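Listed next as structure tokens is one chain, alone, in the form predicted alone.
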């Protein structure tokens, strides 16, 4: 028996709307608005528990140290923590905002994971994403790698790889551009790597407004590192028009689960070629559920995050469930399509909604918040149990959030050194909850 475990990012106490992500429509639209970090974290925990109540195994990924003062020190700011924040706020507030980002909450970008059933050595392979296309995210992978090693800490079952080399050639955005198909989670799977551009070849299909982030070269390197058989791998290019419409990652326009692929009809370049290759390599029947543009426009798809949903198999229930943000229910065009979908003969039998508005306003929906990991029972048992959600852990985390998070963060609050100290105090207590010891750099 194998299962899919979802690891959600615990939204950190520095949750704010910096508008840092070029190409992310929601991020730019809400830049410099007042955020509600306490509400954001509680919404995230509520979503995690909702998935657990549905019968899924649910895990937690911790937030990173923010502000990340070591980065500011590397950039020439010196002195005490307070002095660094004051210097940066006066001389380079844009850099301070970059180092205050809570973007690690979107765990779909944390890494790419290949299950043991797919790898040549029979181990689960994990590669942290370098996220080199955005400075505020490029500083995450060192801590991400350390966190993943603390969670998947049994070398008998798990192999960890360092992030790919930094730079534009191997820009890697993690599982947000990765899908896997299988009849059952423990079966040999077919992995689909989606890229936005070539770095070392001529690009026939290019964007005109926003830069495509994931490179073909990065995707191919991950497949090599994870020791995947080329007969069980497919590479496909995301449609540049989709990127320019605001789908900066492919999980904004497609999502898969087992033998089902839910996608916008304009999501890919050479869609028919991709689907034919998937069919030829997959052992069994594949279900493609395409949403026509005439029913859901690109604008509505991006605005509602229809595809940035979690497509899950419900234990002991008929069919799959699509877990969507409330914004999909509130978009008339999208909700009309969803009502139609429920009546169709597809593997998707249930439509459910969750409230993650604070994350949505910063550009991330339910799928952004989670990392999917297919594990067999031995591998689940080998996962550090402190990171798997239980009633006790949920209660402790809710209490921790209520004790340490601000109700609101205004853009000017980032200039206040006391906010940084509040965040460090909160994270210090968090490491005690998870038994991590001196995990963050400020603890050394």
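Positions refer to the first chain, counted from 1. This one's a predicted model, so the numbers in the text were calculated from it and none came from an experiment.
What follows is about the form predicted in complex with N~2~-(3-carboxypropanoyl)-L-arginine, which we do not show.
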query = Are all three of 21, 103 and 308 close to N~2~-(3-carboxypropanoyl)-L-arginine in the predicted complex, meaning a heavy atom of each within 4.5 Å?
reply = yes
inquiry  = in the predicted complex, is there a heavy atom of N~2~-(3-carboxypropanoyl)-L-arginine that lies within 4.5 Å of any heavy atom of residue 248, even though the partner is absent here?
reply    = yes
inquiry  = Check residue 434 for me: does it contact N~2~-(3-carboxypropanoyl)-L-arginine in the predicted complex (non-hydrogen atoms, 4.5 angstroms)?
reply    = no
key: Contact of residue 196 with N~2~-(3-carboxypropanoyl)-L-arginine in the predicted complex (heavy atom, 4.5 Å)   = no
Distance check, residue 424 to N~2~-(3-carboxypropanoyl)-L-arginine in the predicted complex, heavy atom within 4.5 Å = no
task = Using heavy atoms only and a 4.5 Å cut-off, determine which of 362, 114, 328, 127 is in contact with N~2~-(3-carboxypropanoyl)-L-arginine in the predicted complex.
result = 362
query = Given that N~2~-(3-carboxypropanoyl)-L-arginine is left out here, which of 226, 372, 303, 137 has a heavy atom within 4.5 Å of it in the predicted complex?
reply = 137
key: Partner-proximal stretch of 67-75, 129-137, 80-88, 340-348 relative to N~2~-(3-carboxypropanoyl)-L-arginine in the predicted complex, 4.5 angstroms, heavy atom   = 129-137
ask   = Within 196-225, which residues come within 4.5 Å of N~2~-(3-carboxypropanoyl)-L-arginine in the predicted complex, counting heavy atoms only?
value = 213
